[in-house]
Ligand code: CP
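Presented as structure tokens, the chain that follows is alone, the form predicted on its own.
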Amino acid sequence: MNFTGANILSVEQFDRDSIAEIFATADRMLPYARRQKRTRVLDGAILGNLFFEPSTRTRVSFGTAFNLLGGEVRETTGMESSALTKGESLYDTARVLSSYSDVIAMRHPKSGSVAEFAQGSRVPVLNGGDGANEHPTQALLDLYTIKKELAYHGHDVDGMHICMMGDLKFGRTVHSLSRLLAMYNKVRFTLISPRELAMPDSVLDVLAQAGHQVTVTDQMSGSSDADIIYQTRIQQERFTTPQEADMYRGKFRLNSEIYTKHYKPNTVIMHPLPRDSRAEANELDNDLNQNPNLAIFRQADNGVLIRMALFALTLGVADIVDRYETEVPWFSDKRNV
């Protein structure tokens, strides 16, 4: 894949070689992400951070990643603060805002909207999530995390067993991650959800065509040898009413007792966040917070690395980042903890 000037809209753009290039670039970003060094390779560049749907980690990590490369960030948050509420088309919005930016990161509640926006943009567009469709940068950081966590235990993605649990119908993170994992060999999938929130057939077809073993169930038993548990929250914003979402909230919870009962001692726990910690949901109990296999915060940290890598690649500076680096005089080793 030629990344320079490219839009990042879907995981279907990638093959294993391009994924390896992204991950190798992300590895080189670690000293900058940890503030051991700084680089000004994107000095003078502007990121248009357009988030028309609520976001914390994705929005802030896109902005942080760009700042760490020396660039500046301009943000639009919420549909109500944009001209889209006045009837402006995505194409017109793209034509205007891309003239103010060198690259755009965008989230929108409608499936396919980011690709539609990219048709009018004059600069590269990175998909930060489009409705229930895809979340390609999240899938990349998830796969990057999986590779690192498995490597720590002496394993690889090829041949692993992943258990995905929760809202698999509307959870765009599991859609994109499944499509990425389909590129690997002999991955076992156990998909646990209420029957009404099962993984879409379009994703199951991709896994079947790639020859992977897939088990679809509404029971937590049968996944005791999983290498990864990837849990998702009930996507309340995708339901017609909050009451409809409440029917499924709290159906699949994970705490220390359940983890010990159903999974092996080194099974890695992942979640794209935010985890729903309200009593009626409590997806991942706080009693797991000290479990060394809880990778959710390492996962979030990896989002900055992956997004730094994507900015560096799409703007054509990945190979010259170190030419513009300097020391950070106030660096604290506490950031390595």
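Numbers follow the displayed sequence, beginning with 1. Everything numeric in this text was worked out from a predicted model, so none of it was measured.
In what follows, reference is made to the form predicted together with phosphoric acid mono(formamide)ester (CP), a form of this protein that is not presented.
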Would residue 58 count as touching phosphoric acid mono(formamide)ester (CP) in the model of the complex under a 4.5 Å heavy atom rule? yes
Should residue 30 be counted as a contact of phosphoric acid mono(formamide)ester (CP) in the model of the complex, where contact means heavy atoms within 4.5 Å? no
Flag residue 107 as yes or no: does it have a non-hydrogen atom within 4.5 angstroms of any non-hydrogen atom of phosphoric acid mono(formamide)ester (CP) in the model of the complex? yes
Taking heavy atoms only, is residue 138 within 4.5 angstroms of phosphoric acid mono(formamide)ester (CP) in the model of the complex? yes
Of 273-281, 288-296, 66-74, 38-46, the segment with heavy atoms within 4.5 Å of phosphoric acid mono(formamide)ester (CP) in the model of the complex is residues 273-281
